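Below sits a lone chain in structure tokens, taken as the form predicted alone.
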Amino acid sequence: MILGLFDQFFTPYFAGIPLLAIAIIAPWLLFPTPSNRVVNDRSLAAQNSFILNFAKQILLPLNVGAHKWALLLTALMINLITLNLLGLLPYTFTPTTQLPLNMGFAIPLWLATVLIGLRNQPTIALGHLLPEGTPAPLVPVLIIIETISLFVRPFALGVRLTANLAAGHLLIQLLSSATLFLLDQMFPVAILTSLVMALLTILELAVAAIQAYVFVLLLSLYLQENT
């Protein structure tokens, strides 16, 4: 039973054990296991086609050295999009509405891209902190601003994903509560709110996929700057 609007974003517990880890691992059970057959079933063929097209789209602007991240970025994309979509089902929990979880994805991966840049091309990586042609009086100020913007990136990744998913879930919760309340009071208005909720649910399906793609796309752009 939900006592408040924001209770749906709390981590569920069973016998005092948080179910966040199970919610993250469970979606991988839905994917078919790859086989050595030349001709696979339709579900596996669709999965392979999606992975191929996604990897081609993400890695096309990157150089050959950054292609080592193909498996990691693809797995991250599949995990995020599955968690986001499964969270729209009734009586389910969306782990990606938890800011600590999203920061756990964002900070290590962002830090890895920064360390790769400092190791492979330290001059260029440090040169991003000071645009070319900057007047001498503005040099200290711009270095501070660029440094702050660099460290804000992982927080922007995590907060963007959390805020978009949480806002959509909250709107669906508000509209569903309004529809149930208006069924006995004003039936025509209840029908209208139910239609709006259906349209919002379709929009949330698109948001769930787009936000997972944007998360991985921004990581690939950070990787492109440092390789």
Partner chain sequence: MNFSVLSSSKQSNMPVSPVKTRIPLTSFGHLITEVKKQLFGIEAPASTELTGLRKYFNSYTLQGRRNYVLATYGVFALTAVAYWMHRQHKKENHASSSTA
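Numbering follows the first chain given and starts at 1. The structure displayed is predicted, hence computed values, not measured ones.
There is also a form predicted in complex with the partner chain; it is not shown, and the following applies to it.
Chemist: Each of 136, 139 and 222 within 4.5 Å of the partner chain in the predicted complex, by any heavy atom, yes or no?
Modeler: Every residue of the candidate spot has a heavy atom within 4.5 Å of the partner chain in the predicted complex.
Chemist: Given that the partner chain is left out here, which of 103, 143, 112, 72 has a heavy atom within 4.5 Å of it in the predicted complex?
Modeler: Contact check passes for 143.
Chemist: Looking at 107, 85, 156, 130, which has any heavy atom no more than 4.5 Å from the partner chain in the predicted complex?
Modeler: Selected residue: 130.
Chemist: Evaluate residue 188 for contact with the partner chain in the predicted complex, applying a 4.5 angstroms cut-off between non-hydrogen atoms, and reply yes or no.
Modeler: Output for residue 188 is no: heavy atoms all beyond 4.5 Å of the partner chain.
Chemist: My question is simply whether residue 65 lines the interface with the partner chain in the predicted complex - judged by any non-hydrogen atom within 4.5 Å.
Modeler: Residue 65: no contact with the partner chain in the predicted complex.
Chemist: Quick check on residue 89: any heavy atom within 4.5 Å of the partner chain in the predicted complex?
Modeler: Heavy-atom contact with the partner chain at 4.5 Å: absent for residue 89.
Chemist: Using 4.5 Å between non-hydrogen atoms, is residue 124 touching the partner chain in the predicted complex?
Modeler: The answer is yes: residue 124 has a heavy atom within 4.5 Å of the partner chain.
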